[in-house]
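Take a look at this one chain, the form predicted alone, written out in structure tokens.
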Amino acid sequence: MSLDLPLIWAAILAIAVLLYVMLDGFDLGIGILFPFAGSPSERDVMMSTVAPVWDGNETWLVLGGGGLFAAFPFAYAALMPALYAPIILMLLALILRGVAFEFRLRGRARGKRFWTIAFAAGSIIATLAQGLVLGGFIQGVTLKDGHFAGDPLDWLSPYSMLVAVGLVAGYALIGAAWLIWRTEGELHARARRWAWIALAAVTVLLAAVSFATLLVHPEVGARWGWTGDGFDLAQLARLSPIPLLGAAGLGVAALGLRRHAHGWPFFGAIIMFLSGYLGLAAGFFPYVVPYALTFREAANADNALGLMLVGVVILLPAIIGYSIWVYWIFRGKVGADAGYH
């Protein structure tokens, strides 16, 4: 029995992107929340909670982008010209954020304020850019004979801006939930207040984005049973576990905040992101360029996919194992001295 290599690679890239959103989402969220911290020492603690893991979290973005180029070159060639501007903006913001992270911790004291602003700005801009990429992807890319044939600014629309704002709120929620889990004292209490605000914003924006998606892409609406005048309840019922999972995630986060739990708000936020991701998959699979190019049409030759899979089978368990080990080693709370105990 031969392996279905395009499907295997589609699953690998889907998991890589999901892990990136979940893991890098909370440290981007910490940057988004940076301006609201009470003091420089609180910001030091906030950065220390992600210092051991933040660069490792971005490994999954490299795997997702590099894997798309290598495994699905036709999709890469179609998507990149359509989304060059927000992707380049995201990469520049991530570079600024990475430099600011290191320089703020180790640079001269007089430059600390500048690098604080740079870290927050890089986090916010990178998140907005990711939202614009996602929104531009969902609303569709114009192809002709397999090549991009639209306008370079097609990605910029009210819908993509709504998605970008929603992603900022989502990352702020998961970032605040991470701080609840990893900090104590006044910062812990402040993070709870941030989480309540972000949770309210996410609830509203998630509903708005979900409904707007049904309208912006008729094929997605049809998959979810939207007829233009209402829902086909039988079709909607088949996919109802996905939004119910999202509602459960928001409920777990809210209940955790209400009961002053430490880990449950983060767990609830993760469930919410997972639900949104599954919703995208339900709306677009098997298309890798929405309703224009399937993953099989976009895939590289089987011999190339097979050769790359050998490398992934060797390296991926090592990356996952190392990541789990790092999270386990640095699993404790971060105190006021910015040290793990």
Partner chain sequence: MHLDALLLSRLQFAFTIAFHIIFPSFTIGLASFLAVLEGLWLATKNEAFKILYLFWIKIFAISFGMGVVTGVVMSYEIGTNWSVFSAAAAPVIGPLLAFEVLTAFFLEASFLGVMLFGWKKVGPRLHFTATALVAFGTAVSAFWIISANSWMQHPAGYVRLASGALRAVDWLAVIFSPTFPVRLLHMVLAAYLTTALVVGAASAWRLLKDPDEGESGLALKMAIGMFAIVAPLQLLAGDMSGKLALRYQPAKLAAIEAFWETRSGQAFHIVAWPDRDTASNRWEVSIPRLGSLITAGDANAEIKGLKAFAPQDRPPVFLVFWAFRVMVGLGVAMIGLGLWGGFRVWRGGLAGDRWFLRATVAMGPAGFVAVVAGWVVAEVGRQPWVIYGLLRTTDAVSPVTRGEVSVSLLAFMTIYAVIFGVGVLYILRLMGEGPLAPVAALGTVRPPGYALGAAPGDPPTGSGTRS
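Bear in mind that the values here come from a model prediction, so they are computed numbers and not experimental data. Residue numbers count along the first chain shown, from 1.
The same protein also has a form predicted together with its partner chain, omitted here; what follows describes it.
Checking Leu94, Leu245, Ile270, Ala222 for any heavy atom within 4.5 Å of its partner chain in the predicted bound form turns up a single hit: Leu94.
The single contact residue among Gly251, Pro218, Gly263, Pro152, judged by any heavy atom lying within 4.5 Å of its partner chain in the predicted bound form, is Pro152. When its partner chain is considered in the predicted bound form, Pro290 lies well away from it, no heavy atom lying within 4.5 Å. Contact between Ile329 and its partner chain in the predicted bound form is found at the 4.5 Å heavy atom cutoff. Contact between Trp54 and its partner chain in the predicted bound form is found at the 4.5 Å heavy atom cutoff. In the predicted bound form, no heavy atom of Arg192 sits within 4.5 Å of its partner chain. Between 119-127, 170-178, 75-83, 237-245, the stretch whose residues reach within 4.5 angstroms of its partner chain in the predicted bound form through a non-hydrogen atom is 75-83.
Within 4.5 Å of its partner chain in the predicted bound form, a heavy atom is found for none of Met22, Ser210 and Gly230. Residues Asn300, Ala301, Asn303, Ala304, Leu307, Met308, Gly311, Val312, Leu315, Leu316, Ile319, Tyr322, Ser323, Trp325, Val326 are the ones in 295-326 with at least one heavy atom within 4.5 Å of its partner chain in the predicted bound form, listed in sequence order.
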